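Listed next as structure tokens is one chain, alone, in the form predicted alone.
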């Protein structure tokens, strides 16, 4: 049995791997359908199918220009492996999501975004070029200027255009492995959005949000704003080796939690403790990049807290003009339902890119984790209608149940993507449970 990170759905599948381009070509030709999988960190069914091709053996660094900050590597290399090499040399990923335990190929296929999307954009903004193996057996090099149609379909294309083999990435120059962080308590959603606007020139921002509060405290939050610390800031904090990462000790969740452990009372208690832990209204300190960017990576198998039935992450984005009203209405509905989330993250996103089905649009995105239950999917269908009414869409990388109709209505590039995908993959070889569900 195999599943994505949400442990839902679980399926039986034929899982194969290969470490050379020739072997991958031969495998593709032997299947009537296949979908690539990286480190199995996409939450739903986007990397699940009858035949799954693991790209983890494609894990080689090909070139690193430490003067210009350009890295070329194979698609199975993990972001964590990249950071281990580049940070001590004064470089960092230009864009990174909330986990470093994903592959480069997965980052491209999802066109992941991070805490700096309002300034830097999605992962594809740092992508110089990549090589994609098509179902015809031809390998094509593409970039924003060369074979651009393939580039913009593959970035955010969920592995449905071909197998990403290797990529060239532009990195960001940094002085340290630490983040100068400011945390600010927001009394409600409106206050949180005001703080985002006040800090819109700060490179890195996100907010933890309490989705269970009501009334004047609806959406109370902790805003995290930061930038890569300078050498001087590190020295002032007593850090003598700024480029030496301070990696937190790993913990683990040793077993699946029982389903009764997650309920409205436990979620309320957890949210209360998080908010009260930040006793000061404003606090500034230096933290390691791991603590700031990847707090959950320090907890091995944290997905087990949702039990054997698993969970789904519901992440949506609304355009700027309707974000305040729409997120307010959705939070009220969630609070009323009693189905609140332990992990609720609010981020401000920047301008939409040219990629056909990339998730981000200029506005606010809210991500929430819900344990799987009988009443969950009807409730999420209700939230879908609200997201559509406010002009938003759902993140494909987190999705496990969106309808084909919602996909087509919310992604304006959906039809163009589907037409192009079938143009270059005439026999629909690259296929996942998600693509079948969405009618791609």
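Positions refer to the first chain, counted from 1. All values derive from a computational prediction rather than experimental measurement.
The next section is about a form of this same protein that is not shown, the form predicted together with a small molecule.
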Next item on the list: Spell it out for me: taking the small molecule in the predicted complex, does every residue among 39, 55 and 102 have a heavy atom no farther than 4.5 Å from it?
Entry: yes
Notebook entry, point to check: the small molecule isn't shown here, but in the predicted complex which of 119, 296, 301, 148 has a heavy atom within 4.5 Å of it?
Noted result: 296
Next item on the list: Identify, from the list 177, 356, 127, 75, the residue with a heavy atom within 4.5 Å of the small molecule in the predicted complex.
Entry: 75
Margin query: Given that the small molecule is not shown alongside this chain, does residue 395 nevertheless sit within 4.5 Å of it in the predicted complex, heavy atom to heavy atom?
Written below: yes
Note to self: Using a 4.5 angstroms cut-off on non-hydrogen atoms, would residue 152 count as touching the small molecule in the predicted complex?
What the structure shows: no
Next item on the list: Answer with yes or no whether residue 189 is in contact with the small molecule in the predicted complex, where contact means some heavy atom within 4.5 Å.
Entry: no
Margin query: Whether residue 164 contacts the small molecule in the predicted complex should be assessed with a 4.5 Å heavy atom distance threshold; does it?
Written below: yes
Notebook entry, point to check: Looking at 31 to 39, 62 to 70, 411 to 419, 376 to 384, which one sits within 4.5 Å of the small molecule in the predicted complex if you count heavy atoms only?
Noted result: 31 to 39
